[in-house]
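Read the single chain below, which is given as structure tokens and is the form predicted on its own.
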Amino acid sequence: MCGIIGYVGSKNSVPYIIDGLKKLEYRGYDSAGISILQDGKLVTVRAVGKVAELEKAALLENPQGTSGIGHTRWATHGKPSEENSHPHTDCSGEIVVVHNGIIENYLVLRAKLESLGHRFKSETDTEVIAHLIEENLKHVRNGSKEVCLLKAIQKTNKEISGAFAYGVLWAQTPGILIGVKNQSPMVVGIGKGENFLASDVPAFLKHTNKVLFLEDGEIVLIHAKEVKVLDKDGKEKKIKTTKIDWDQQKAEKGGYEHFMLKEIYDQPQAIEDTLRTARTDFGKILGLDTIGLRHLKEVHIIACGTAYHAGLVGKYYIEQFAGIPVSVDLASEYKYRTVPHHQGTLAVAISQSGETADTIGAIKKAKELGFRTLAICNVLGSTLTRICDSTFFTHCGPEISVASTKAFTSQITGLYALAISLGNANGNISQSVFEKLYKELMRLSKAMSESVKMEYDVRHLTRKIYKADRFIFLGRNVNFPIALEGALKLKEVSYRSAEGFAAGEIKHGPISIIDKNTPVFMLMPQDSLFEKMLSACQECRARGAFVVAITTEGGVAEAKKVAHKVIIVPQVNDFLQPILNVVPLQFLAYWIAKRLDCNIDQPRNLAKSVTVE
């Protein structure tokens, strides 16, 4: 996730672009840059760090021009650095591109372009777009400069694959900015004598609330006084604008009241973006061939908090599909316990930020023991990714709310991909089984899109229970860690007492804390343990608990007999089900906290990344 802003009008574009980037900084903040068309030439200023650093650099350079584009970066390809900052140029320096998304075939395209004599200056996937446009312009003969640029961009779009939205300026077509949208966000702001291109409405909302939302495959041509949109077939279409009545603060959250709620709704896209690279051969990521993968004898998963719960789910995955024994440790404990040195051990560190001090310390210990190390992380260039031998990136974009939601489900998605890849490599599952499991995984984003529709049911439910003093969450097998995560989410944002247990354990002690009206949430999809969960429901209800069953369609009839309330989640395979089951628990935590008037995005005593012991 990155932030794009472009301006075409009659005024100096620099203040508009810098201000727009500040509004988009929630989308990325490891580097930023602008390109301004000044006296027929493009002037580019870039800086590492937040937009404030770019603003200082721009004041020194002092570019002036009525057309410009800017970008704030969330690194996906290439470490955070000035060279990898956007905008990126072609060989001539006359074409600049800003981009949000992932170009999946960029390595093949880069090799082809380099063979044609193109010189690359960065490690990014984005730079191939600028060079492709430059190359394609060489082969466009007829039409005005604007028509030639459009044709070159249309040809470029056919050559690149992945999710992308990008903006283009060409020094030879002053006064025109072109935008492209395909599976990544892009909007146009329609002003008076000035128009905007951006990743999100907040970038220009203080100047205009008249918005054009682009569809996938569309190209927009923006002039100061005119905007044209071409559909995926290249035909001009009628523009339909929307009037936005959000205030600025709400706009930064995409219209949602809190980042946590927005990020719950971000999960289908976050999973889809993570899966774009999940098919990558994990042998290559780990630096091991098939024989090396077969020699892996043990996996240590190391994490803290929510990431630890993701690791607990990953244990079930790896042991099921790869047949490799897994231990899951809290990083703060792993650092100080005696860890036996076994050959063939892979240590997997999970962290959204990559800066968690306990996790970094634990993975350093694993390296000292000679273990191969893998990071599952959301932040390219973070300390953890630099320490580990290899990294699998979750492409969630920045997660602003302290309580993790989309990072958690993307971490589990990555662990599932790792598990089936290891199982395929070591022969524990066949190629046909691997393909079946992978196809199911690729449909997960669609199922997640259905899951987030249950917000209303959960919101309505919380009216009855939000004043309770204590909440209980129960699950079995792969859903047990989700019970732990549900309790943690509620504690984090609502400050209510909440506990998660393995359902089979409640009769061994925890049932003593269940009394009249205690809300008990049962994670009970219709799987092999469904009957066991029905029994647990009855045990809790007999003690006066208010029982809520979270189940799939096939389990509804039986669940209604033993639960006061049933919440239905989409059905997927038993091992993917936890990724969907957590969604109602995220909504639950959010709505209870809201009803209690808590500070949802920044809960007391907590920080997004714990960088000290």
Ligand code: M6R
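This one's a predicted model, so the numbers in the text were calculated from it and none came from an experiment. Each residue number is its position in the shown sequence, starting from 1.
The same protein also exists as the form predicted in complex with this ligand; that form is not shown, yet it is the one meant from here on.
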Residue contact check: residue 306 to this ligand in the model of the complex, 4.5 Å heavy atom = yes
message = Against this ligand in the model of the complex, would residue 492 count as a contact residue? Criterion: heavy atoms within 4.5 Å.
response = yes
ask   = Quick one: does residue 402 come within 4.5 Å of this ligand in the model of the complex, counting heavy atoms only?
value = yes
message = Is residue 353 part of the interface with this ligand in the model of the complex - any heavy atom within 4.5 Å?
response = yes
key: Which of 416 to 424, 144 to 152, 195 to 203, 345 to 353 sits within 4.5 Å of this ligand in the model of the complex, heavy atom basis   = 345 to 353
remark   = Heavy atom within 4.5 Å of this ligand in the model of the complex, from candidates 461, 219, 536, 488, belongs to 488
